[in-house]
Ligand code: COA
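Have a look below at one chain only, the form predicted on its own, in structure tokens format.
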């Protein structure tokens, strides 16, 4: 399936969606149209209930997302900031019921970096560049950047990136925990899809509840987190998929000499 959206492409095949940011002439910068189209597309994927993993990538080889559309950003005022235009979208991506993977080639800056870090996993090309340069424009990464980035890389490294606005390469991003895997640039999308297929091979309900618990761990205390974990496990213990998978495992082991 490929949509008629202006700024994104959506393709779904065998439970895997690939969402492509499609403004290559603007380094795939996030504008208001893209925000609206992403909301609509993601809502559709959730409602359809067919997709169980999603890869986000950028059109062309120059950028994943080079940042927000500065021309539009310049005109936004305090009321616009309180509308949480990008933050609401990134929160939706983080909360999607299925795992998400950012396949990053080229520049991944500002809002692009914030979108990447709200995904569950990140695969980067060797030539990828990451950064939160907002302070150079007189603002901060306020679409979740000051909250999610420290959870990924630690407070000290997050302060280094945000306060200096510097750009780092893929290897440094991997070293500090911002990126999960680095591959040759021309293998990024295939590597992200392969990672998604590895996840799709697991128990679907187990993966969904594991993501829910992991996300919850960043927001709540240990006691409430452990309670959610126990309830999730109780649900899984009664699932048909759990019984089937464990039966297959035991039968396979019994057949071994």
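Positions refer to the first chain, counted from 1. What you see is a predicted model; the values in this text were computed from it and never measured.
Only in words, not in the display: the form predicted together with the ligand, which the text now covers.
Stretch 60-68 is the answer when you ask which of 220-228, 60-68, 199-207, 40-48 has residues with heavy atoms within 4.5 Å of the ligand in the predicted bound form. In the predicted bound form, residue 193 stays away from the ligand, with no heavy atom inside 4.5 Å. Taking non-hydrogen atoms only, residue 26 approaches the ligand to within 4.5 angstroms in the predicted bound form.
In the predicted bound form, at least one heavy atom of residue 137 sits within 4.5 Å of the ligand. With a 4.5 Å cutoff on heavy atoms, residue 133 counts as touching the ligand in the predicted bound form. Think of it this way: in the predicted bound form, the ligand has a heavy atom of just one of 102, 143, 179, 109 within 4.5 Å, and the residue is 109. Contact annotation: of the candidates 121, 73, 158, 183, the single residue with a non-hydrogen atom within 4.5 angstroms of the ligand in the predicted bound form is 73.
Contacts with the ligand in the predicted bound form, taken as any heavy atom within 4.5 Å, map to no residue of 151-174.
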